[in-house]
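Just one chain is shown here, as structure tokens, and it is the form predicted on its own.
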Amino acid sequence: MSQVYDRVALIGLGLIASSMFWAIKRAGLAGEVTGYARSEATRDTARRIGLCDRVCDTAQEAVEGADLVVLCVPVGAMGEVAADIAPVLKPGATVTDVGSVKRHVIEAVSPNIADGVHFIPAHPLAGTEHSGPESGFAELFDNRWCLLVPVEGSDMDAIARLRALWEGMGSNVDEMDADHHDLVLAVTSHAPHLIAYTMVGVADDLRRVTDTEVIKYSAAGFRDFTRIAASDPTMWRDVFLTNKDATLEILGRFTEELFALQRAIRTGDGEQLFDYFTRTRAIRRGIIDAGQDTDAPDFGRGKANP
């Protein structure tokens, strides 16, 4: 791959930003990558592990002269960060983000973007339950999808350039409308995470099953719920507060399905249960066939790729 941007600024230095840095360096996609994190401890860690070519002590310093600015902060903080960096954004620069909610981010960030600066929201559909600057790795985006969500009037050349960066980092890239994105993610990510948090909470509340039994005898189902429920609490709090309507719509649908299954179990309707499980099994097979997971017993999450 050839260089796409002279200078990229990463604001927020967690899993996604650190993985972006290593992926950019792997493919030589940027001349210089600057970084900023609100926490001094995070900045110190980043410097210690060589994350970013230059770690700055303010967001404004990090974005000065940058051709691409990537907001890698929780969605609830996007607007505040955008307002902070707005005065020093280079004319012609592109601002993008990696948040898993798009309508709220557009409403929070857009008012802070001056004419002559391009704002192209994005969302890489990749991650692990780990967080922080040391959790990133260059391969995180390989064969995963990144959704670009251009706003009205987005510059075509700026979109093409951002697409080239994500493809250079190993992603498949698609474009999507913001509201449709938020509904899709409510189905594929947000509601499943809430259900996982709930299931782990139920196990904690069910005192007839002791903590040691839950930990010692965790079969694959509960174990994978706990993997999802270990995700960053700040990020997920903000997701549910900012994608409220779509998440509630999908949870309502989930509740209806759950009631139907409860009824089938109560009435001994084995045929309905079998048909339902057969249909859902086919969806799992489709995910594997699309190359988005493996059918390995550990769901493809070995020690080398957590």
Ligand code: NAP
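All residue numbers are counted from 1 along the displayed sequence. This is a predicted model, so every value here is computed, not measured.
Separately, the form predicted together with the ligand exists; it is not shown, and the next lines address it.
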- Item | Contact assignment for the ligand in the predicted complex, among M169, V95, A186, M78, heavy atom within 4.5 Å | M78
- Note on the structure: From T255, S39, Q262, T278: within 4.5 Å of the ligand in the predicted complex by heavy atoms is S39
- Message: Please identify, from 229 to 237, 198 to 206, 152 to 160, 173 to 181, the stretch that has a heavy atom within 4.5 Å of the ligand in the predicted complex.
- Response: 229 to 237
- Message: How about P121 - does it come within 4.5 Å of the ligand in the predicted complex, if we only consider non-hydrogen atoms?
- Response: no
- Item | Contact of I24 with the ligand in the predicted complex (heavy atom, 4.5 Å) | no
- Query: Can you check whether T128 is within 4.5 Å of the ligand in the predicted complex, heavy atom basis?
  - Reply: yes
- For G132, is any heavy atom within 4.5 Å of the ligand in the predicted complex, or not? yes
- Message: Heavy atom within 4.5 Å of the ligand in the predicted complex: which residues of 84 to 105 meet that condition, in order?
- Response: V98, G99, S100
